[in-house]
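What follows is a single chain, given as structure tokens, in the form predicted alone.
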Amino acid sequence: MHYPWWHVPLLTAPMLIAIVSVAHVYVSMYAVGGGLFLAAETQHARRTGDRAYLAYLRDHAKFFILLTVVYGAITGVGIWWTIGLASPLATETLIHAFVFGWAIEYVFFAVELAAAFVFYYYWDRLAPRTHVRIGWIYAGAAWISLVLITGITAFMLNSGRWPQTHAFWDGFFNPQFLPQTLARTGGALLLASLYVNLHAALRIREPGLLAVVARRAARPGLLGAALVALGSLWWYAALPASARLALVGAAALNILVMVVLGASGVVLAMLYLGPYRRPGWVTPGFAILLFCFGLAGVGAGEFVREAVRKPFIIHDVIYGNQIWKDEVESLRGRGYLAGGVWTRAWLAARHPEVVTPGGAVDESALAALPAEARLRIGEVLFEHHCNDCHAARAGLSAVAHLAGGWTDEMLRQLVLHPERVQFFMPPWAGTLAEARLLQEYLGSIAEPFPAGLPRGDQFKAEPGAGGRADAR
């Protein structure tokens, strides 16, 4: 209610956030796991004097720097731009609640960048021991960045005691912090293994060296898989009741969970039977297939993690349509249109006759507006109240399709009690008059009842038949 509405046609804003975020996670987790791999393996290669392996690690470090620093930085900035436009109230809350955490993370991010460049560009100009230490400085800073960001993002799924205390540490050390840190650390190691196998399969021509790289890269991947499994079970146990019910009750999430489990099983089997036991299996085709299964599992997992927050965008604090949980009752009294700066300004500019000198909205004047004006106001209510999850006429979860063939009474109940229709929808936060305008708008765009199908009003109870319905 404090920001203007940002329209993303067809896709909806939250889905755009999900796409940009997953594209970033694919590389940001590799930035952590790959840093740990490079530090450990550079130390091993220098200690054993394996010049061929060390030469490969230098080649991989160039790929690592280009992907994580360049692509990672661009997508990281893209996330801030996207969430700032699509979820401004939630973004504002995260900044204010965790400003100290963000400041610490930026410091470690700066250390990451400096260490990464020194590690690569001074490869032959530093003493071996110093060079290894720089690698470990990068790896440590990257992992601490992961921990800090995980604490903040995990807060969105389970805010713990923060809504009562508003204390930084209560928000950061939320019930989801440890399980997600464990799972993300494992995911970082697993993704690093997949990236290394892919890069090695495409770059190394000597079979003996490829076998060494594949087998050594498989070890952190298998460890990562175990950490992901343990963290995921803990993650499920620490879910709020609404998130747990959303996970098992939404068909789309059931499918994504099956994708996660299936892809994870395939990756684990391929990683163990291939690079770890039979590194000779590692060919470009094998590595690409392994990598794609890994991306499928990680991507589906990220979508599930984001989706189960409904009806909240920040658990127990802000609903998915950018309304404070504590603000709902007041908006039902004074009205949604009058309760927001942008909606109130829009209404006053176009229909000043319905706005009182004190800034309140005259509901009787709303009811007297022409039909076209009422539908436009209903559309504005839809944009601010519903469009964060639903497209209108066409696109993701378009209401025109979902409410196809609904009666006026069904639409009325949907608007007044959306949480009863689907528990993961936010409650209505407006007056009865505004609900009527939204109902009229939804009725104007809903698809008609499909021709040829029986309608509920064609059935009547047969007198004395014990309540059985008989077709007429």
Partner chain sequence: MAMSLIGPDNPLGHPAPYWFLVLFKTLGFTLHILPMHLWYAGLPAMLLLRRHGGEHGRRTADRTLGAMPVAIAWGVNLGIVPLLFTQVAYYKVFYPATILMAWPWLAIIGLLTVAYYGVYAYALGLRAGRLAPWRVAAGWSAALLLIAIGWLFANAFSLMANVDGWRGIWNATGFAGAVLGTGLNTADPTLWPRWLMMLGLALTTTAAWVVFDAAVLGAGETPAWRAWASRFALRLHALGAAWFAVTGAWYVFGAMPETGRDALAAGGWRLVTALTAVAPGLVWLAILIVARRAARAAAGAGPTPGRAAGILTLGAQLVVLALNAVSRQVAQNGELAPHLDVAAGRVNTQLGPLVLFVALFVAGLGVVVWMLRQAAAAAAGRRRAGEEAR
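Positions refer to the first chain, counted from 1. As the structure is a prediction and not an experimental result, all values here were calculated from the model.
Omitted from view is the form predicted in complex with its partner chain, to which the following refers.
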| property | result |
| --- | --- |
| Non-hydrogen atom within 4.5 Å of its partner chain in the predicted bound form for each of Val257, Tyr272 and Thr283 | no |
| Answer option from Leu222, Ile137, Leu182, Ala400, heavy atom within 4.5 Å of its partner chain in the predicted bound form | Ile137 |
| Option touching its partner chain, based on a heavy atom within 4.5 Å in the predicted bound form, out of Val118, Ala211, Ala238, Leu247 | Val118 |
| Contact label in the predicted bound form: Ala103 to its partner chain, heavy atom within 4.5 Å | yes |
| Contact of Thr93 with its partner chain in the predicted bound form (heavy atom, 4.5 Å) | yes |
| In the predicted bound form, Arg350 touching its partner chain (heavy atom, 4.5 Å) | yes |
| Partner proximity in the predicted bound form: Leu66 to its partner chain, non-hydrogen atom cutoff 4.5 Å | yes |
| Stretch in contact, per heavy atom within 4.5 angstroms of its partner chain in the predicted bound form, of 199-207, 184-192, 335-343, 296-304 | 335-343 |
| Partner contacts for 82-116, taking its partner chain in the predicted bound form and a 4.5 Å heavy atom cut-off | Thr82, Gly84, Leu85, Pro88, Thr91, Glu92, Thr93, Ile95, His96, Ala97, Val99, Phe100, Trp102, Ala103, Ile104, Tyr106, Val107, Phe108, Phe109, Ala110, Val111, Leu113, Ala114, Ala115 |
